[in-house]
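Only one chain comes next, encoded as C-alpha cells, the form predicted on its own.
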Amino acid sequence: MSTPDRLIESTRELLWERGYVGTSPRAIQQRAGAGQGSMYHHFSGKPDLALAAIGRTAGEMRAGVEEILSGPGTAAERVSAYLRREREVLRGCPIGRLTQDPEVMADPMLRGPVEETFAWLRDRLAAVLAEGRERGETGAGLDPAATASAVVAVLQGGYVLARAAASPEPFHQAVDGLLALLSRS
C-alpha cells in the first residue's frame, strides 16, 4: 500500500474510533508508519487528509449500499437487506458519527461529504420505495421521501441506542420495529 493510502486508511480508522478532534497528525503518522514529512508531502494538513479519508469512507459506503439496493427482490426486500446487512453496530456508523464532531460540522469542506452521503442515501432509498409503490408493493399513500428519511433516522438512532447500552440489541430492535411498520404500509 502506498504512503498516501496508508495515511488515508489510518485517518479513516482514527476518525471512526476517536472523531476528528481526537485524531492528531501524530497519531495518523504513527498508525500509518509514515513520517511528518511524508504526510505533508502528500496532504496540505489534517483537514486535507481528513477530507480524503471521509471521501473514501463515503464512497465505499455508497458502493455497498448501491449493491444491495440495486439487487434483486421487491423494494421491501431490498430495504430489509440494507437494514440487516452486517455492521459493526457498537462502533456506530463511520459517517453518522462525524455529525457528532463539532469541528467537522463547523467546517463546510469536511461537512460536505457527510451531508452529500446522507442526501444520496435518502434519495436512493426514496427511489427504491417509489419503485415499490409504483409496482403496488406498498400502499399508495406511502411517501417515499418521508419514509426514506425515517429509515435513515431509525438506523442512526439505533446506533446511538446500541452504543449507549453497550449492546447491539437496541439496534436490532429498532430495525425489527421499522420493518414491522413498513410491512403494514
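Start at 1 and count along the sequence shown; that's the residue number. Predicted model, so just to flag it, every value in this text is computed and none were measured.
Although it is not shown, the form predicted in complex with another copy of the chain is what the next lines describe.
Contact with another copy of the chain in the predicted complex, defined as any heavy atom within 4.5 Å, is confined among 155 to 163, 26 to 34, 44 to 52, 63 to 71 to 155 to 163.
Every member of the trio Arg97, Ala146 and Ala174 reaches another copy of the chain in the predicted complex with some non-hydrogen atom inside 4.5 Å.
Heavy atoms of Phe118 reach within 4.5 Å of another copy of the chain in the predicted complex, making it an interface residue.
Arg87 falls outside the set of residues with a heavy atom inside 4.5 Å of another copy of the chain in the predicted complex. Proximity of Glu17 to another copy of the chain in the predicted complex: non-hydrogen atoms within 4.5 Å are present.
Of the heavy atoms in Ala81, none are within 4.5 Å of another copy of the chain in the predicted complex.
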